[in-house]
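Only one chain is given next, in structure tokens, and it is the form predicted on its own.
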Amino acid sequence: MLNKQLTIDAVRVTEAAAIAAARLRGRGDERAADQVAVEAMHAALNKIDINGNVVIGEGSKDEAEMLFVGEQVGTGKGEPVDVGLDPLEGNTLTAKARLNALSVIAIAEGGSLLQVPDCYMDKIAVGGDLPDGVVDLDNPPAENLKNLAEVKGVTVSDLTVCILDRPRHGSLIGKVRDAGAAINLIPDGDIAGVIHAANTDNTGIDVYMGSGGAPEGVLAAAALRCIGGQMQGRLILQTPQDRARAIDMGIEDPYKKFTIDEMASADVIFAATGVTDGSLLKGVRLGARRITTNTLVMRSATGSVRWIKNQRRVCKGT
């Protein structure tokens, strides 16, 4: 069981990364925005009393200077934990000052977060309080929408599907529209997209469909484990190297259909701080005297969901 202090620690980590990235909103430099977020999150993580192992990070050791997969973070004084993170989910969104950029972290009991290669994952997700198996990754979109509409007591035309706006989703988009459902196309940020599907009353999103990053899929599963919902994911392995890397990471069946409990199998804390404004969270406010952040933090063991608005005074030189 995770130490409850980690709930607050996780918030501090995502706040630090979000504030750093927010200073570069609208500057048109995706790489610089991501780099400052990484540096800020790395510094904040290493102040926490954990023995953390990064299992979802910025890439391999050869690809990233810090927060790479396998890096040990924290002071080393605390309990062994898995750390999954995305210091800036939505580099392009930040560079263009568009909606829904986030800083995200998941802290889980050691060995409980699925380690996946940096490839795509096919995903489907819905919120809680629905019968198990109401949607299935192997079903055609029309069948999933029909089943979901029936259990919700609505028609398919009342449903809205969240899909990443990518050319690869052309066929999926056509099938969803042929079935009669509406589509909310998002430019980036599929972690937020999955969370939206679990918060239908506030977002109007009933289901998330389509492919996105596999590491982001595991982070989204960690979030849904906290707030309730169903999600399935399957790796899209386009090259023999992708398949070999998945096997090296301990995935016996690289083409397995994973559930939430297989992607995040134990107690997990999930935190997300808004970088730019969005339907999930407001972005950082960089005032002359105060900096304001808005963070969502959740824990699976307690089912708690907290929305934290934090204000701090601006100190000279910051």
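Numbering starts at 1 and runs along the sequence shown. Remember, it's a predicted structure, so these values are computed and weren't measured experimentally.
Beyond what is shown, the protein has a form predicted in complex with a small molecule; the following relates to that form.
A.B. asks: Checking a candidate spot here: are E89, K123 and L164 all in contact with the small molecule in the predicted bound form (at least one heavy atom each within 4.5 Å)?
C.D. replies: The answer is yes; E89, K123 and L164 each reach the small molecule.
A.B. asks: Hey, in the predicted bound form, does D206 get a heavy atom within 4.5 angstroms of the small molecule?
C.D. replies: Because no heavy atom of D206 falls inside 4.5 Å of the small molecule in the predicted bound form, the answer is no.
A.B. asks: Any of the heavy atoms of D190 lying within 4.5 Å of the small molecule in the predicted bound form?
C.D. replies: D190 belongs to the contact set for the small molecule.
A.B. asks: Report whether the minimum heavy atom distance between E216 and the small molecule in the predicted bound form is within 4.5 Å.
C.D. replies: Judged by the heavy-atom cut-off of 4.5 Å, E216 is in contact with the small molecule in the predicted bound form.
A.B. asks: Closest heavy atom of P141 to the small molecule in the predicted bound form, within 4.5 Å or not?
C.D. replies: Judged by the heavy-atom cut-off of 4.5 Å, P141 is well away from the small molecule in the predicted bound form.
A.B. asks: Please determine, with the chain shown alone, which of 127 to 135, 69 to 77, 207 to 215, 151 to 159 has non-hydrogen atoms within 4.5 Å of the small molecule in the predicted bound form.
C.D. replies: Single hit among the candidates: 207 to 215.
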